[in-house]
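Just one chain is shown here, as structure tokens, and it is the form predicted alone.
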Amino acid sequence: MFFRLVYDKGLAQASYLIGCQATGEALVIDAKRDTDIYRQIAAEEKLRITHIAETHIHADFLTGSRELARETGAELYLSNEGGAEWQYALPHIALREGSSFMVGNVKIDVWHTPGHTPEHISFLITDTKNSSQPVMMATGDFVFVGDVGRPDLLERAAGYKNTMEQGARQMFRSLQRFKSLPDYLQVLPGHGAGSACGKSLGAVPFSTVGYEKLTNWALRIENEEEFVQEILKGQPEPPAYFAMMKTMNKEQRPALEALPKPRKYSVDDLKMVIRDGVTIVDTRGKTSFAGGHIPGSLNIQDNLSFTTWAGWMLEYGKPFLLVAPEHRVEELVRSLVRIGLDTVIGFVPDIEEWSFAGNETATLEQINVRDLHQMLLLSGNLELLDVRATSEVEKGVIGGAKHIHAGYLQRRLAELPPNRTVVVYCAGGDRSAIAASCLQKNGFKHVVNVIGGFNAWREADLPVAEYQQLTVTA
């Protein structure tokens, strides 16, 4: 049996290619949308991709199953569990509890594992040439290393009311069954550390049933009521684009035929698209952005969080342009199409040509935490904005701040006074740079970013307030 993990660090998302070397057939589970990597691996290993499967209707990325099926002619194997509301609206081979299929000599048995979503399934994988017992289980968003899939996303991200508690109880029952599996069985999770699909995912790519029974908090809780309370507590805010992904992964849609190829824009081209209202996404580091940027730009840095924050901040279907060096454009485009942001029309490698041509640039004022402390003591005309997650502000804040998660800022601008100086902080300065650029883009004239954020504030031994002292809007 052939096995390969394909891991996207930006989304902390895992997909798997499993093949039978005797027959040359191969299966891809939970494919990402830029599918050339699977075809490349298959060609190198002299395999044909004949089967494509998904563990559930994903919310955190746009799957590449349709694209891969179009490119290879492989069949789609998708869940028909969960009831009428949770059915895929595209042609597929239906999988239910107890279904099985062969990929050459590799047997795939289907378990219905609801909890994260009602239709969720997991795949028990048996190399029948060597044993009649399964060797591994692809668990998708059911069991991770050190965590389990969150059951609140349908309600909090996709708007399905009264599904959180039901999902939590389904997850508890699914986990009781999972415990019956042999300890040696390898666990292949759908995500790793950094994913918003859980609250404490481990960074180790694989695990075993036995190790998870020893170390995974969710598998150690024996009382259902305690489990429900614990799993619904402290989950991170779901990115706004999750609802869009849920719909696009469920419904029929055209497959992506090729990666977008944004062209390099001249200064004159840039002026035209700015007049047309096209969003400029500046992917440079926050310090470079603060020193000078095209007015109205959003600063979404080219780092491991780029994809998620693009999903938070950009509007689907609307064109946008990148400020990014040419050698990074293709990888950024790949990151964007993985969440369905296909409307990138062009790029400029930097802002030098714009600046040298005499065009206006904007800056973003920075302040260190000690100067901020003095400013707060002396000035009453500040609006201090904390853009961290709720789980972070619960551990302490800068007194007098207002809390709006950075990802929700665009829709809650009316809660901030446009004529006051808005001082923005997060944990270390990255999310606050995004938030500050969003404020500037939307006409706030006096915006200041806190260098080092709340971490620097703590390290400077400056006063920390309790969460209750913070003005929080849900």
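One rule holds for the numbers: they count along the sequence shown, beginning at 1. What you see is a predicted model; the values in this text were computed from it and never measured.
Beyond the structure shown, there is the form predicted in complex with another copy of the chain, which is absent from this document and is the topic of what follows.
Worksheet item: Would Asn223 count as touching another copy of the chain in the predicted complex under a 4.5 Å heavy atom rule?
Response: Result no; Asn223 lies far from another copy of the chain in the predicted complex.
Discussion item. Taking any heavy atom pair closer than or equal to 4.5 Å as contact, tell me whether Val135 reaches another copy of the chain in the predicted complex.
Written reply: The answer is yes: Val135 has a heavy atom within 4.5 Å of another copy of the chain.
Discussion item. I'd like to check something about Val6: if you look in the predicted complex, is any of its heavy atoms closer than or equal to 4.5 Å to a heavy atom of another copy of the chain?
Written reply: Close contact is absent here: in the predicted complex, Val6 is far from another copy of the chain, nothing within 4.5 Å, heavy atoms only.
Discussion item. Test of understanding: in the predicted complex, would Thr247 fall inside 4.5 Å of another copy of the chain by heavy atoms?
Written reply: Taking the distances in the predicted complex, the answer for Thr247 is no, it never comes within 4.5 Å of another copy of the chain.
Worksheet item: Using a 4.5 Å cut on heavy atoms, which of Gln374, Ser131, Ser391, Asn381 is close to another copy of the chain in the predicted complex?
Response: For this set of options, the contacting one is Ser131.
Worksheet item: Tell me, which of Ala94, Met272, Ala203, Ala89 has a heavy atom within 4.5 angstroms of another copy of the chain in the predicted complex?
Response: Filtering the options by heavy-atom distance leaves Ala203.
Item to complete: Work out which of the listed stretches, 410-418, 22-30, 45-53, 62-70, brings a heavy atom within 4.5 angstroms of another copy of the chain in the predicted complex.
Response: Only one stretch passes the 4.5 Å heavy-atom test: 45-53.
Item to complete: Would you mind checking 173-196 for residues with a heavy atom within 4.5 Å of another copy of the chain in the predicted complex?
Response: Asp183, Tyr184, Gln186, in sequence order.
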